[in-house]
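As C-alpha cells, the next two blocks hold two forms of the same chain, structure 1 and structure 2.
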Structure 1
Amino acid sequence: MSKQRILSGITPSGNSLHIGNYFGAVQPQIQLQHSAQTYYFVADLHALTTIQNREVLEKNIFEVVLDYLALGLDPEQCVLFRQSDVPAHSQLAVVLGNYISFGQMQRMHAFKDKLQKDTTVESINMGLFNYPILMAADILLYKPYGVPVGEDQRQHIELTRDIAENFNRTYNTDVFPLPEPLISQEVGKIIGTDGQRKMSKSLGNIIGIFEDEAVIRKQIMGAYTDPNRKRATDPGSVEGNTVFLYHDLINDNVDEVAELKARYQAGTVGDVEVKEKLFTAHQRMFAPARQRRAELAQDPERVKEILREGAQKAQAFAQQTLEEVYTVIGVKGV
C-alpha cells in the first residue's frame, strides 16, 4: 500500500525558531516524512505580500531551509523545494481564480483582519487578497490527502476544497481530490517564559534553539516559576510551572525530572538549579541540530542543490497536474 501524500508549506518569515515553534508545529511537521509521501515547500511567493526587499527575502529563505534541515528534514525521505522554482504554482493559480467568487474572497480572514487594523481597502495589495487562491494552487497541484495547518488556516483549506469542487463540477471531472485539513493539536500552544501567554518572539517570552548559548541561558534563567515561593526552602508548585513544563518537553532524563519535581515540592532545590538543569537538557537535545546547521551554513551550494533537486521532483508531478487541468479546460491540444 502506497503512502498517503501530504503537502506542507514553510513560511520564510525571518523569525528565528523557538521551542514553541518546534514542539507545536515543526517537529510534528517533520515527523510526517517518516509515515507519508511528503512535499515541503518554502512559500517565497506568499512572502511577497509583506517582504519586498530582495536581500531580506533571500536571507529568510536560506535561514528557514537551514533550520528545517538541521532539525531533521531529510531530502532523501521527502521533496523540499522553493515555491517559485515550480512555475506550475503560479500558472494554476491563474486558472483557479475563475472558480471562486469575489464575495467568498472578501470573507477570507486574512483580508478581513487586515481591514480591521486601521487599513483601507485601497492599501491592501492583491497578493494578500489572492493569497488563498495561490494557496489552493499550492495544494491542488500535488493532489494530497491532507495539509497540516493550524486552526487559523482551516478556512483556507475549506476554500481550497470549494475551488476543487467547483472545478470538478464545472467540467464533470474528478481531477482534484478534496484535501483534508490536518489540524495541529493543543500542544502547539506552548506557554512563554512569562507564564501567561503563548510563546512568541514579538512578546519576548521565548526560548530559542539556534541562538548563542549565553542568550538561551538568559532566556531560561528569566523564566517564570512559582510566584508564591519566596525561598528555596519553601515547598513549590510544579503544576503550571513553566520551567517544569519545559523540562517535560526537553529533558530526556526522566529520572532527573522526577527527582527535581519531588525536591521542588519538598523545598530542597532552588529555581537556579532547576533552570541550570533545563539549560543543560536544552543543549543536549539541540546540540546535533546546532552543529548540523553550522555545517550547512558553511556550504550554501549544498543547500541550493537540495532545493534544485527538490524542485525537479516537484515540477515533474506539478506539471502533470497542470497539463491535466489544461486539457480539461480546453487550452491544451488545440
Structure 2
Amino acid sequence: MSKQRILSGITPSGNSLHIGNYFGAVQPQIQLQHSAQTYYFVADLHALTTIQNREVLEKNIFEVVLDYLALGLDPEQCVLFRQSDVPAHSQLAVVLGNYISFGQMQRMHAFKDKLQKDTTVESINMGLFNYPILMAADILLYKPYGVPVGEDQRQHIELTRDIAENFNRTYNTDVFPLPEPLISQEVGKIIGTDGQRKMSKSLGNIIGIFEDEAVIRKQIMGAYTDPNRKRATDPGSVEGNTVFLYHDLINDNVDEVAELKARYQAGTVGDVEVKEKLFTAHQRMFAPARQRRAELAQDPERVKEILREGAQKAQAFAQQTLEEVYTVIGVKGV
C-alpha cells in the first residue's frame, strides 16, 4: 500500500519561527516524514498580505527555509518547495473561488479579526480576504489525506473541505478527497509568554528558536508565571503557569522538572531560577539545530538547489490535478 500523503505550509511573514510554530506544527511535520509521503512548502505568495517590501520578503523566505531545514525537514524524505515556484497553486485558486460564497468568506476569522481591529473594509486588502481560497488550492492540489497544523488553521481546513465538497457535488465527481485537519490536542495551541493569548509574532509574546541568546533569555525572563505569588517563599501554582508549560515541552530532564514543580509549590524556589533552568534547557534542545542552521546559511546555493528539486516534484503532481480539474470544468477538451 502506498504511504498516505500529507501536506502543510508556513507563511514567511516573520523572519524566523518560534516555539509555538515548532511544537504546534513543525515537530509533527518532521515526525510524519518517515511514515507518510510529505509535501511541505513556504507560502511566499500568502505573505504578500502583510509583507510588501521586496528585500524583507526575500530575506524572510530564505530564513524560514533555513529554519525548516535546520529543525529537521529532510529533503530526502519530503518534498520541500516554495509556493510561487509551482504556478498551479495560483491557477487552481482562480478556479476554486467559484465554489464558495462571499458570505462564507466574510465569516473567516482572519478577515473578521482584522475588520474588528481596523474597523473599515477600505483598509483590508483582497489578498487577505481571498487568503483561504489560495490555501484551499495549496491543499487540494496534492489530494492529501491530512494537513498537520496548529489550531488557528482549523477554520481554513474546514473551508477547504467545504470548497472540495461543493466542487465534487457540482460535477458529480470525486476529484478532491476531503482533507483531515491533523491538530494536536496538547500542542495545537501554544500559549504566549503573556500567559493568555496564542503565541504569535504579531502579539510580541514569543519565545524564539534561532534568535541571539540574549534575546531568547529576555523572552524567557519576561514570561508570565503565577501572578498571585509575591515572594519566592510563597507556595506557587504550576497549573496554567506558562514557564512550567514550556518546561514540559522543552526540558528533557524530567527529574529536574518534577523537582522544580515540587519546590515551586512548596515555596522553595524563585521564578528566576526556574527561568534560568528553562533557558539552559532551551539551549540544550535547540543547539544542534542552531549549529545546522549556521552551516546551511553559509551555503545558499545548496538551499536553492533543494527548493528547485522540490518545486520540480511538486509541480509534477500539482499539474496533474490542475489538468484533471480543467477537464472536469470544461476548459480543457476544446
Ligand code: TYM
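By rigid core we mean the largest C-alpha set that fits within 1.5 Å across both forms. Everything numeric here is computed off the predicted structure, so don't read it as measured data. The first residue in the sequence of structure 1 is number 1, and each one after it adds one.
In this comparison the chain labelled structure 2 is the form predicted in complex with the ligand, and the other chain is not. Residue displacement note: residue 129 has its CA displaced by under 2 Å between structure 1 and structure 2 (rigid core superposed). Put the two forms on the same core and the Cα of residue 272 is off by 2 Å or more between structure 1 and structure 2. Superposed on the core, the two forms differ at residue 17: its CA moves 2 Å or more between structure 1 and structure 2.
The rigid core superposition between structure 1 and structure 2 gives a CA shift for residue 286 of 3.0 Å. Fit the two forms on the rigid core and the C-alpha of residue 202 turns out 6.2 Å off between structure 1 and structure 2.
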